[in-house]
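Form predicted on its own, single chain, as structure tokens, below.
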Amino acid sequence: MSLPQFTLLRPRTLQEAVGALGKHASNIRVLAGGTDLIPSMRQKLFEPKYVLDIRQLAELKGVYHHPGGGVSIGALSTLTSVEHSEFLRKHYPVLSEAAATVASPVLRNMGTIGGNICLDTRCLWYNQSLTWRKGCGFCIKKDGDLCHVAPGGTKCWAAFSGDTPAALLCLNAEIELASESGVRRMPLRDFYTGLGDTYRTLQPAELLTRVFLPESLADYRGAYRKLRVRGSIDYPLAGVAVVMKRSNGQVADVQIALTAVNPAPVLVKGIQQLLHGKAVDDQLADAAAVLAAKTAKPLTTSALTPEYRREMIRVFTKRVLLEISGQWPVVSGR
């Protein structure tokens, strides 16, 4: 499948980049790593007149520790750099672990954390060639008015399938968005809408520039587990991120987030109230796992059944809680 025709823009500075976005906002796409954009353009999911190549903007790369102020990660930092950052591995292990599970080493060398945050939602009927989609009558998300996932509904249920956002939600991450009018900062949890088609609040003339992790959550124990058909390359079909801080053997703080089982990555509500001040045992871990499974709303967006994916959310949640509480053998998330 060939790429559609477009004009390639290569800004030398962030100011030039947001200027180009402001000028061509209605018909432009941003190229960071390109691991998702290029295949989507070949499938004619996107046919922009302009492509903004920001890969040379060095100011948007790197992991920086600000003593007393947490950590900033440039949106163009590759997933490999996030995976191998010694600082992140030591102080924010759940993020490094999530980054390490994305696709394959070659794709992690190209893909960026900003791109993973902005990853397009997907399903069996959307992520196909133009010919295939035309044969199905298209869908709400692209060129049609029917959701094949939930026929008869008016909402797009395409699933969000990024790995790192679940970890970032657990870490109370914030993001920075830049435009010609200035810079705004917002919690990552407010970035996603919960809709499969208009899945993020990013404005057409805005660019994701940085991710911020708070100092207060440094050194929390954490882990990420994902379900996929193949042990490499595949997107998650269910993913669970957990972070926890314990004091005197009891839970002082805890967050659990899910990915690939909803149109947005989501935090599990009520988990703090359930676990706070208690020592995690098999029964308590099971109760938390059931709560996580109830939060998951997988539909038929992939080859695996929704029931199986929801059950694996329950299994992963229980195992990770017991693991980081020292009651379960450590198993690699890859």
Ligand SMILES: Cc1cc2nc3c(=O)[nH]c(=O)nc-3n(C[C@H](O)[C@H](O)[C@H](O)COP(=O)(O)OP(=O)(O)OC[C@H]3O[C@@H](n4cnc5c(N)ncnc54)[C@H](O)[C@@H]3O)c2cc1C
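The numbering used is simple: start at 1 and walk along the sequence shown. Just so it is clear, the structure is predicted and the values come from calculations on it, not from any experiment.
Quick note: we don't show the form predicted in complex with the named molecule, though the next part is all about it.
Of the stretches 156-164, 213-221, 180-188, 84-92, only 156-164 has residues with a heavy atom within 4.5 Å of the named molecule in the predicted complex. Interface membership of residue 200, defined by any non-hydrogen atom within 4.5 Å of the named molecule in the predicted complex, is confirmed. None of the heavy atoms of residue 65 is located within 4.5 Å of the named molecule in the predicted complex. In the predicted complex, none of the heavy atoms of residue 48 sits within 4.5 Å of a heavy atom of the named molecule.
The named molecule is not shown here, but in the predicted complex it comes within 4.5 Å of a heavy atom of residue 235. Only one of the listed residues (44, 29, 61, 297) places a non-hydrogen atom within 4.5 angstroms of the named molecule in the predicted complex, and that residue is 29.
Checked against the named molecule in the predicted complex, the residues 71, 244, 103, 173 give one hit for a heavy atom within 4.5 Å, which is 103. Although the named molecule is not shown here, in the predicted complex the stretch 117-136 places heavy atoms of 118, 119 within 4.5 Å of it, in sequence order.
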